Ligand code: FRU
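Quick heads-up: it's one chain on its own, the form predicted on its own, in structure tokens.
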């Protein structure tokens, strides 16, 4: 339907009609022209007629300019049934802004142009009120075919939905932060939902972080690969979405490698991405980039690996120099499968690991496998990372790991099957994976800083979820066992600013310990987070029961506890607007927890044998 914008106002005519006030009017261009001619006839002096004619022509020209503008979205909506509507894209602007109401059920959107299906996605279109907007980058002339999942008896008549009134075209989408809980120095998406870090690699001084991303709402859905880059692991620049769903399904987690020897035939130094295509079954696909990860081309013969298993996902690929071929680790239900390949396209199953080892309280996900030296020895061992959900030490999702040997074919764990080792003892540390090709043979990891028990309910709207600070992984021995060490990446030292007297909502607190201690962060509202170290028990505790808003989930208020594997000497506590990360400076303990105080913690108290130094951490660029 062609829509002509309307002019409205009050017209006052002088001379014989000086006392006559015309009521507000609304006219199309044709009606306006007709009315102007009628008004001119009522004017009885030539002088006034000439002046009025000039004024009216100016109004008509201005009105015509308005009429040439983009059509109003509401006028292009066609209601086809009680749960079905279509919207025709008619604009030269870049975005259609879609209004979201999070309490509503999903609406399914099919984008059609020239009778061809371009893409599909789901979002919770506003029925009663708008929580926020998300942008759809428009295809001129495309048709949005929208089906609502909710029953009309609960939502009301479709033609009265708020979404039709509030949809709008725009050339820009404002991502300026509107959230008081958005972290200052942790990576977050510009808007929308984020979970697992994916495909991370380092090349030419740039760290590339891809991540599970929903561009159409701040909750899990429409899995794609978002993309951010950094030169210092602290300040991140948002890049265009790297991979979106296709006929094989949405884009689940995976990894990237740099094919320096062109084994796949995509070109020397091509970036090759491995990801799970998720539809009725999960299959493994690849895409490649010849411009350093800025854009990707999907392999025309995808998928490259299939299985009958319902959970078959999250490929982690790396070049095994000792074996002379590529290895892939895949999460399959409650075990890891190990594959080999000479060319990144043809894969052979080598072995499986894990059926009797570690924690099996949930599905195994997001594997990683790396060889590292053991601190203080001449040994080197392999570590297999296995993220699990649920089954974490304090409920929900968490990261476990196994230490052992690997020959390119079989991983053998050195610990007893019943032993479970956790990388982090907080509630909010999951999907931990490392960067491929990190410099200086470093093993730099990043985790998703949330928990599937409440990730969709945390009290933010513009975005949901952040990543942990970057961490250096290593190995150490304690009482006959080998454990994973976790330290803040050295880039976090460079992020330190001035020494300050009291904490802020973006700081690092360095606590020197000489025995038992209690460390409390609090604000004027009486909210507080309490940490306690007991050297006799070799335990560290964090209590967030009264840390701020804990009402959004019964699973959120928690006391977490971690073994310290010896004596803690120095604790590094990273405070950001919604998180606390406490790490032993020697790497033997790590604990990551979200917090949502109503105002920043601005007071630090320490009881016991300890003293603290507080550093401001600089804001993002």
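Residue numbers count along the first chain shown, from 1. Just so it is clear, the structure is predicted and the values come from calculations on it, not from any experiment.
Keep in mind that the form predicted in complex with beta-D-fructofuranose (FRU) is not shown, yet the notes after this line are about it.
- Distance criterion of 4.5 Å from any heavy atom to beta-D-fructofuranose (FRU) in the predicted bound form singles out 220 from the list 476, 132, 347, 220.
- With the partner omitted from this view, the residue of 465, 468, 253, 399 that lies near beta-D-fructofuranose (FRU) in the predicted bound form is 253 [heavy atom within 4.5 Å].
- Put simply, residue 314 is close to beta-D-fructofuranose (FRU) in the predicted bound form: some heavy atom of it is within 4.5 Å.
- Taking the partner from elsewhere, residue 196 is found to have a heavy atom lying within 4.5 Å of beta-D-fructofuranose (FRU) in the predicted bound form.
- Put simply, residue 339 is far from beta-D-fructofuranose (FRU) in the predicted bound form: not one heavy atom of it is within 4.5 Å.
- Contact annotation for residue 518: none of its heavy atoms lies within 4.5 Å of beta-D-fructofuranose (FRU) in the predicted bound form.
- Note that among 435-443, 316-324, 361-369, 116-124, the stretch whose heavy atoms approach beta-D-fructofuranose (FRU) to within 4.5 Å in the predicted bound form is 361-369.
- Taking a 4.5 Å heavy atom cutoff to beta-D-fructofuranose (FRU) in the predicted bound form, the one contacting residue in 440-455 is 452.
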